[in-house]
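Two forms, one protein chain; structure tokens for each follow separately as structure 1 and structure 2.
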Structure 1
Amino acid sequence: MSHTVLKAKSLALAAASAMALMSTPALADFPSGTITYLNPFSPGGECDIVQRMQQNPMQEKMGVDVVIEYREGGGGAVGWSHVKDQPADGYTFACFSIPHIIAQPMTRDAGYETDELHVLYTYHSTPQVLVVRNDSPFETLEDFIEAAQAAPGSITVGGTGTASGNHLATVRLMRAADITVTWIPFPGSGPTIPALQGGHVTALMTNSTMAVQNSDHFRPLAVATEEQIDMFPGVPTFRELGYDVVEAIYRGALGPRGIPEENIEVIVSTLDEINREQDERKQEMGFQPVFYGPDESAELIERLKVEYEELLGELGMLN
């Protein structure tokens, strides 16, 4: 009796290991276990909102549990340096945002390098928008720039943090228009809204999401995109007005280096499908969907690396 059990067991073991051997190179059955979709920011942030939107459709399409894990801190650096060290099997990836993953390793020891992370897919951007209060005397970007030229440094522009997308867009504007404004960094995007409403800053360089959501109080002066976008009808781009300012925060998913090609394909195609389905809804919220696979994302990063290195170098912020 016990012999037969043993035999059956060893047979089963042998069969299992044979199957394991066979399936390893093919990996056709990815995913077969729980996927961890890490959020390096706090709950309620823009990564969180998008990840929560994606969670259910991902579970349906991939047929496995997708768990959102929070590892916040250091402006995302804590989460990304964790992901970098995870097994490269495709079961762990994280929401990312640019410029963070490029600028952080440039300005300090962030615990990871940009190249240690593999950007799998980029799903949207939030273009930068210069906004003032509805009752502001600045009707156009020209008004704003003239005022800044008349009294250098007297105009305050608020936004999130230092070396952030908001900040870099402001620096680009200062360079392009040859003006000086006072940059006032806020600890997060939330507090910038009452700050502009209460007149504690003259203007905000902010994300398109913020500008859309507060459109009843704020007037956008110009958008930092290449062409005008639908969510701000009639609002000119900086380029149209003669200032070369193009800046956006890009978000997407990244994993550690070395995930098998097949698994990447599964993740990318799933995210792409969901992103196309949610296109319209995301635009209503102020996100500008993009559909960059791994190669296009890598190109984007390489291009921005050069630009940021120059900008940050001018600011004297390179590590």
Structure 2
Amino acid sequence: MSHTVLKAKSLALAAASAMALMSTPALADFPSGTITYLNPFSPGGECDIVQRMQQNPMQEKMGVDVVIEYREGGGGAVGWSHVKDQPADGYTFACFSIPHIIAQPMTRDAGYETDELHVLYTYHSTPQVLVVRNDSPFETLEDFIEAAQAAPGSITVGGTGTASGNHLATVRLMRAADITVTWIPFPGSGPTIPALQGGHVTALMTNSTMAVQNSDHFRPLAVATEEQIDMFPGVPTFRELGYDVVEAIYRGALGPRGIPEENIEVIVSTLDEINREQDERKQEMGFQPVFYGPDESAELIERLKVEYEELLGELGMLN
């Protein structure tokens, strides 16, 4: 066979390979249009903060517009139930919160099941913190607990949603301290801040980010971590005060089941790159960055499913 024929065959093979790659939409064309990054909570909360931080870098790295759409309600359930029914092409995904996406379907008809959602990437956690106003008469956790014991139900604690991280941390505290407080749910973290500032609730069980950003106005009484953490110097953990309360909210991005693997890889690699670039800044804001892809995120969910089912079962909250 002549050199000319071999060269022609090689060129034909290369052209065929190139055409095959170009004919695979997931690999060659994604993304080729606007991406909708849904926020299932109200503006001003942690999802909103981190999505706004990610929006411009995502547009630069992916080469398309990224639109943040708000679909709040039900502690995030309205947004997640919407996402599960969207085309599984990678063009619509949402910020998620754990335990919300695990606990909500366990306790009520949330409009979705945990396994109907595909967690693509987990980018941070926020430990739970019990805070009061700086002018509150409660100087310590013991002050707070003594008041709750003296008048069961008179103390109001605000936070995001029901069967959420804020709520479950409060439930854990009630169980550990044998007290009863009145839970006041809000559609997101944003509205909880003026609620406490205005005296509409006694305290907040809130996220580390909210406590850090409002440290001039709020006094942290205890943090729900295994050990004291640098962002709250000198603030005791619930555990070291004798109350077994450990809780954090994990956040990341999820989409409907069935997104092509090639598209998932693009989304995950983009989010991971941005998360690492913003690591230091996020820690200063009160976030604790993690870098979990789909497999690590799935392992986290399966572990917490067992834990939350046990907790919710003990409390009689299972659906």
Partner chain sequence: MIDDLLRGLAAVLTFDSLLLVAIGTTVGLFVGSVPGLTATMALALLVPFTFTMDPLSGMVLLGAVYTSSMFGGAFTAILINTPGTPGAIATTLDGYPMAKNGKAELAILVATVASVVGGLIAVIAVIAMASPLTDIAIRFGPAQYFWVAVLGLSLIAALSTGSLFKGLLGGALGMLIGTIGISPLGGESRFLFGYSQLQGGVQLLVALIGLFAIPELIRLAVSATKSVDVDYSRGSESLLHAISLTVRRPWNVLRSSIIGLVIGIIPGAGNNVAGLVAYNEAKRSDKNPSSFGKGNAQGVVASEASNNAAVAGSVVPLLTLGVPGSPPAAVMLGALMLHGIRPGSALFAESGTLAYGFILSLGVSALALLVVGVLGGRLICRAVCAVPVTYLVPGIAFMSILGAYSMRNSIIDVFIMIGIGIFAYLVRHIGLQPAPIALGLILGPIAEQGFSMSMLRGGAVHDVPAYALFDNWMSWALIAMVFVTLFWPILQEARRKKTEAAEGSE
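Counting starts at 1 with the first residue of structure 1 and goes up one by one along its sequence. Quantities reported herein were computed from a predicted structural model and do not represent experimental measurements. By rigid core we mean the largest C-alpha set that fits within 1.5 Å across both forms.
So which is it, 1 or 2, that shows the form predicted on its own?
Of the two, structure 2 is the form predicted on its own.
Hinge between rigid parts between structures 1 and 2 (choose from A110, S125, G158, T270):
Where the rigid parts turn against each other between structures 1 and 2, we find S125.
Given a two-rigid-part description of the chain, what is the rotation angle of the smaller part between structures 1 and 2, in degrees?
The angle the smaller part turns through between structures 1 and 2 is 24 degrees.
Value in Å for the CA shift of L221 between structures 1 and 2, taken after the core is superposed:
Looking at the C-alpha of L221 between structures 1 and 2, the offset is 6.6 Å.
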